[in-house]
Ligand SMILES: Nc1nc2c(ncn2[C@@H]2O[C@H](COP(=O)(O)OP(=O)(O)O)[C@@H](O)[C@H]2O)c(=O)[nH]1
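One chain follows as structure tokens, the form predicted alone.
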């Protein structure tokens, strides 16, 4: 198969997107739209691979207990929020395209060190490569949480942002499909449903063929639709949590702000925080939302002989075990861990003896017992 040049791929991509935008989504067009999505994903995969080979993207060193990307259209107030959240100065002006590079800051909240990245503002058609969209996406893809910063007077911008990120292969508040693909040399495309539903075999075969795959087994561990199959085959899809900061609420009445907040929650199922960077309203609520959506919890350590230090929590991910707590402190402690005593929500009574696989909860007090040899 002849390799198309970048210009040909870009032109084909734009034509497919135009066709997709003009086609109404209904039962009669569903299969056709699925094939368009598959073709778009296949081209995006080729273009991403070429850009990766050239090393396209911003260089950002991750640090802290979690990484948050501030994403929005130009002049939405990202730089102002970065300054308030992290005390880092990012150039602020009343016009678009102020931030031209990634500016990192560190949010200190509830004992956690959370890296916050102020990114250049996305523009419409960023997914087509305009405005450095691919470079911005390269940073977003390695973060733990997206904080959409949206001017409340232009709140419909959020839906445009979601569309652009979706076209860039970034899925918001969704989980990766539980299915796997096993390549083979012969036999065509086969589906092992294991009691789950899937698109009809002909559609599955066409989608596989669009990605240049003609022999493979698709093994399902959940119900799978055409869009999820396209994502599975794309391989460059990432799944990230997202929340919304509706900024500049000082420009509208409280009832108008609340109406817009409810509309966004209803349409996106994302958490929405009403804020004003100018008046510094609801900043603590925003910090809490960031902490909670990063799924961080605080563990308080108590020496075997001594008092617990409630001023210095150890921050770990929700779902962490006693072993993870020990490993966060030091690999030697984890390797020599015997058991632990826990007081808190994860146990039935105070100072309960637990094993290394016990899952801790926010606010637990933990005493690690380990061999010191």
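Residue numbers count along the first chain shown, from 1. Remember, it's a predicted structure, so these values are computed and weren't measured experimentally.
Below, we turn to the form predicted in complex with the ligand, even though it does not appear here.
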Does residue 75 reach the ligand in the model of the complex, with heavy atoms at most 4.5 Å apart? yes
Would you please decide whether residue 290 lies within 4.5 angstroms of the ligand in the model of the complex, comparing each non-hydrogen atom pair? no
Contact test in the model of the complex: residue 143 vs the ligand, heavy atoms, 4.5 Å: no
Within 4.5 Å, heavy atoms only: does residue 277 come near the ligand in the model of the complex? yes
So the ligand isn't shown here. In the model of the complex, which residue out of 80, 226, 234, 282 has a non-hydrogen atom within 4.5 Å of it? 80
Counting any non-hydrogen atom inside 4.5 Å, which residue from 190, 251, 209, 184 sits next to the ligand in the model of the complex? 251
Of the listed stretches (210-218, 174-182, 242-250, 157-165), which one has a non-hydrogen atom within 4.5 Å of the ligand in the model of the complex? 242-250
